[in-house]
Every structure is written in C-alpha cells, then in structure tokens.
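A single chain comes next, written as structure tokens; it is the form predicted on its own.
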Amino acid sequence: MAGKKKALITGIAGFVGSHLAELLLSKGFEVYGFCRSRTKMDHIEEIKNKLILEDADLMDSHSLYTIISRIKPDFVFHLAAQSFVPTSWISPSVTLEVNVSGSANLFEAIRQASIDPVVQIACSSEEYGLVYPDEVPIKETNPLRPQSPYAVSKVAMDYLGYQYFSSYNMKIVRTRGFNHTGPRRGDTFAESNFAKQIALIEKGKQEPIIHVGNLEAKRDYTDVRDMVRAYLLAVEKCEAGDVYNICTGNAIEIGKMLELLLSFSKVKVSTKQDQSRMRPSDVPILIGDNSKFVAQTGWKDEIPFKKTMEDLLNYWRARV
C-alpha cells in the first residue's frame, strides 16, 4: 500500500496555513511545516502533535534545501509572506526580501533536491492594483498595475513562479487569491480589527467608538475555509505554469461589512476616521472573475459571508 501523500506548508502557523493544515490532516495527508523559534503557535496549538514541524527560514537557503531533500514532499503550499499591505509602505525592502528572495530560495531548494512536487504559490489580487471600472470583474489577463510595495513583491513572486516553470519545468501553480477572512484573521486587517473592537466594546474594554480607515473601498471576500479547499484543488487539478483567480465574484463595501458585524451585537457605537488607517494609495474596487478556476476544478464558495463575519466576531469574543 502506498504511503500517505506528503504536503509541506510554508507559513503553517499563520492564518491561512493553520486552516490548510487542518484540511490536509482531515484528508489523510502527512503534513509538514516550516517554523522558526519566534513563530507564534497559537493557531496550530490544537493540532501541533499531528504535524511534523521543521525549523527552517525562507531566508536561509541551506536549511530549506536540507529539509526539503529529506522530506521529499509531493505537494508544497507556499503561503509564508510579509502579507500586510501597510507594513510594506513602512518596510518596502523587508517585504521584497521575504516575498521575493524567500520564494527564490524555496524554488531553488526544490530544484536542487531533484524532486518534482506540485507547488502552489499564494499570489494576490493586490497585483492588479489600479483597476478601471470597465475592467471589473477582473480576469487573469488584466494588466497588473501594482499600487503598493507588497503588490510589487507579489507580482515578482508570481512571475518568478512562471519563470521556474518555463526554465526548469517545475510544477508551479499560481493562485491569485482575492480577500479572504474568517476566524484567526490578524487584527491588522480591517474586518478582523472591526470585530475585535466590537468584542472589546461589548466587554467594556473600549469606549463605544470604532476607529476606521477607508469605508468606501469594495472587496471580494472568500471565507478562509473555502480558500484552503481551493488551494488543495489547485494542486490536484490546475495546470502547472498557469495562473488562476480565486474569489467569489461578489464585492461588499467595507462600510456595509462593518454594518453587518454590528448587526450581530447589541452595542451602540459611533465611527471615527483614523488617518493612520488610510493608505497612500488605495484600490477602490476589487471584484474577481473566478470562471477559469471554477471550470478547471469545479470549486465553489460554500460559506455565506454572513456566517464568516459571525464566526470572526465569535473568535474575538472568545479572546478579548
């Protein structure tokens, strides 16, 4: 009998990585992940004993090669990144180093280990950047006009994946995920930050004022649990070297999302715009066209946005 399939996740302890690890364990995979001594483990605490965690750093190509050549994974999910857009304005070079050089180190380690896994790389809808009204919903063929150092780093990683496919025939599938959220989302992201503020107000730990940034931006949100199902389908069914949007095809205005979160709570609040939450340039609307990915995999989003927001709020209620 053949052994279990081996899956390696970079960024396993993160928001998406932890949900993906749970999904892969439920499907019978042997799940490996990269961690560092300073990695926060709270998202994977409950499943830690079922995972095989390796001490590796994307900036240390030797450690990557040593571990990858020993594990010989069948699938690699590359999720580790500096993923918070505002941080990329403050530390553009760190963002580029982690997201671009880190990816190059990973691809090199796989290539030098002489193995042939399917590699999914988590690219981003932020790559599209400035989108004109007649370009919505956004197809994979849309021009990339990145509007932040983070978006530039993801464009570079995306094309690096394509280059390793075309130069070395590596089985790299590029997924451009649009916004995804749900339980465990970091509180630096708008919807999670709002949920946390509501939970704090409910407990009397914050005055009843919610601090907000741009409430007019529209985003296409997928539940993280639907997103990780998509990532698994990507390595099982998508074409190497190709790129796929993963999204719902529907957008919600950030202000409407805040109203939805507030509808789950009895607290009366006012909102206050906070200049520190505004970006030097913000993308007004991101709605994706998922038809290419759906045709290839049969995926569809299953969790209603209302449930995603309710679960996110309950996650913070349990933590504040």
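Source: prediction; values computed, not measured. One-based numbering along the sequence shown.
What comes next is about the form predicted in complex with a small molecule, which is not displayed.
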{"property": "The small molecule contact at H62 in the model of the complex, heavy atom, 4.5 Å", "result": "no"}
{"property": "In the model of the complex, K266 touching the small molecule (heavy atom, 4.5 Å)", "result": "no"}
{"property": "Distance check, V173 to the small molecule in the model of the complex, heavy atom within 4.5 Å", "result": "no"}
{"property": "Contact of T181 with the small molecule in the model of the complex (heavy atom, 4.5 Å)", "result": "no"}
{"property": "Output flag, F77, I110 and S166 jointly within 4.5 Å of the small molecule in the model of the complex, heavy atom basis", "result": "no"}
{"property": "Which of 210-218, 149-157, 239-247, 194-202 lines the interface with the small molecule in the model of the complex (heavy atom within 4.5 Å)", "result": "149-157"}
{"property": "One residue of V119, L232, A81, I138 in contact with the small molecule, assessed in the model of the complex (non-hydrogen atom, 4.5 angstroms)", "result": "A81"}
{"property": "Position in contact with the small molecule when the complex is considered in the model of the complex, options E30, D289, E253, D57, heavy atoms within 4.5 Å", "result": "D57"}
